[in-house]
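Two forms of a single protein chain come next, each set out by itself as structure tokens; they are called structure 1 and structure 2.
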Structure 1
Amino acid sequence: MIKTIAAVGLPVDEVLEIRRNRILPEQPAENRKRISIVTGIHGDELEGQYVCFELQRRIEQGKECLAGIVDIYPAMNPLGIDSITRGIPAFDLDMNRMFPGDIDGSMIEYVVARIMEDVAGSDCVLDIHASNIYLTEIPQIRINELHQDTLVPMAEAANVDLIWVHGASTVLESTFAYSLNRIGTPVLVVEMGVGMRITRRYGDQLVDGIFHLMKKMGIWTGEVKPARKPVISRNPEDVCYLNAGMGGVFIPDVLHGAKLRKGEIIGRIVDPLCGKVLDEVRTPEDGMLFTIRDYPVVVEGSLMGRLLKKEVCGYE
């Protein structure tokens, strides 16, 4: 059941529409649980597109097992998705810094407020992001420490590799997730893969996780695969950031997700003009490389990777 949840006329012969598909169980009943799958707030992050499709395909195969409501919102920023733009084109604004919006506000504030109204009240929301075009991430859920008590147990059921509980920050108060969590609608922020691409393996992993979560919530009665046990990081000290010490072209030497020993070479920053290696990027500690740079050109400060310390990962 497709519904337009917000519509605004654009200047020249076009209507901007935000659409939702609601999948209902075959047997109607009162007080059904509801899960919402949200993606495309950042227009250049597409990993969630496959998840929206694949989730529906699998539900369709066992429709009789559906016992709750599944709402799919594949494109919260349609103009951004169409134009390969992270933010909202023409305004150069990050939609994820505009929540909770304002129903009487500007066009974008209005759209944002309509999105809030429509998603609010879900029993669980997944807001699927895909890092950005520079970095690749292993499937993970990021949680603001203010909401960890409610969200960590849900996130543990979602079949991701990592749950990253981060500190509160004022700037993040204008995100979709924060605004809904604040009013009691639980939102899990998923980050996985890389911008502008679809990593099917990660999409399948997350869809397995969504079924597992739906089973736990009583939305799905069919068979589900067991969820993997995620590493949970609560301490900022758990993560090492690898920032480029100088500009150049980054050539990685290890694979994403690799478990590395202190001092191993992650990659080199090279100068193609002179044919020289400018810097060797080495691991500062033993750990797992859960983020790696995908876009090769770096300037001083560019993030090339993040390492989760070995003692937190708990591998041998």
Structure 2
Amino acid sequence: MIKTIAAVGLPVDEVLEIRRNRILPEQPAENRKRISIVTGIHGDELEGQYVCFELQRRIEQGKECLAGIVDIYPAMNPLGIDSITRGIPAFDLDMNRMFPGDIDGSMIEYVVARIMEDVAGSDCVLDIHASNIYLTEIPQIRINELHQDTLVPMAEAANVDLIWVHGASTVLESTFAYSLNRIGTPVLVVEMGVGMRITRRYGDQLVDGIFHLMKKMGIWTGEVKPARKPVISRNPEDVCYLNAGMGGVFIPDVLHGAKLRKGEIIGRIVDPLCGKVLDEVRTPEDGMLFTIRDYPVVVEGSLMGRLLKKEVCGYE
């Protein structure tokens, strides 16, 4: 059941519409639990588009197993998706810095306030993001430490590789997730893949996790795949940041998600004019490479990757 939850007029007879597709069980009943899948807040993050499609496709194949409500919000920033821009084009605004909004405020404040009204009250919300065009991320859920007691058990059922618990001081209060968590609607922030692309294997992994989570919540009664056990990082010192020592073109030598030993080469920074290797990016510690540079052109200081230390990963 598709519904427009917010609509405002634009120049030249156009309309900005935010739409939701609600999937209801075949046998309606009171007090059904509700899960909301939200994506497209940033217009250049497209990984969630495949998740919305695949989730609905699988539900339709086994509709008799649906015992709760599934709300799909595939395009919170449709103008950004249409123009392949992170923020809201023409307004130069990041929608994820506008929450909780104001129903009597500006156009964008009104839109995000209506989004808040519609999503609030969900038993669980997945706010799906991708990385930017420069970096690729393994499927992970990022959580504000203030809400970890509620959110970590949910995140553990979602089939991601990493749960990254952040300090409260690093979380912006104007984000969608923070605003809903503050009023008691639990939101899991998913980060995976790369900007402007769809990584199908990551999307399939997350969809499997959503079904596993829905099973745990009593929203789905059908068979589900077991969820992988995620690594949980709660200490900022668990993560090593790898930066370029100089500019050039980055050529990776390892696969994303690789488990590496201290001193191993992650990749080389090369000079295509002279055919020389300018620098080697090496691991400072044993660990798992959960972020890797995807866009090859780098300057001094560019983030090349993030490494989760071995003692946190727990591998041999």
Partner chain sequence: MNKRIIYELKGIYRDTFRVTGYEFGTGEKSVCIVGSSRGNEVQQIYCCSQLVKKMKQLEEEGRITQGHKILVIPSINPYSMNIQKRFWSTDNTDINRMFPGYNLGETTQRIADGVFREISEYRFGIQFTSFYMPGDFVPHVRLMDEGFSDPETARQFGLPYVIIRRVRPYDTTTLNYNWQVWDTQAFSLYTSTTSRLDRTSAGQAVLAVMNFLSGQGMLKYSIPDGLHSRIVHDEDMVMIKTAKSGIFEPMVKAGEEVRAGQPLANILDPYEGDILETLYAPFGMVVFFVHNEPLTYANTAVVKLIEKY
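Everything numeric here is computed off the predicted structure, so don't read it as measured data. For residue numbers, the reference is structure 1: its sequence is counted from 1. Superpose the two forms; the largest set of C-alphas matching within 1.5 Å is the rigid core.
Of the two copies shown, the second one, structure 2, is the form predicted alone.
Core-aligned CA deviation for C65 between structures 1 and 2: less than 2 Å. When two forms of a protein are overlaid on their rigid core, residues whose CA moves 2 Å or more are considered shifted, and K262 is not one of them between structures 1 and 2.
Once both forms are overlaid on the rigid core, the distance between the two CA positions of P272 between structures 1 and 2 is 2 angstroms or more.
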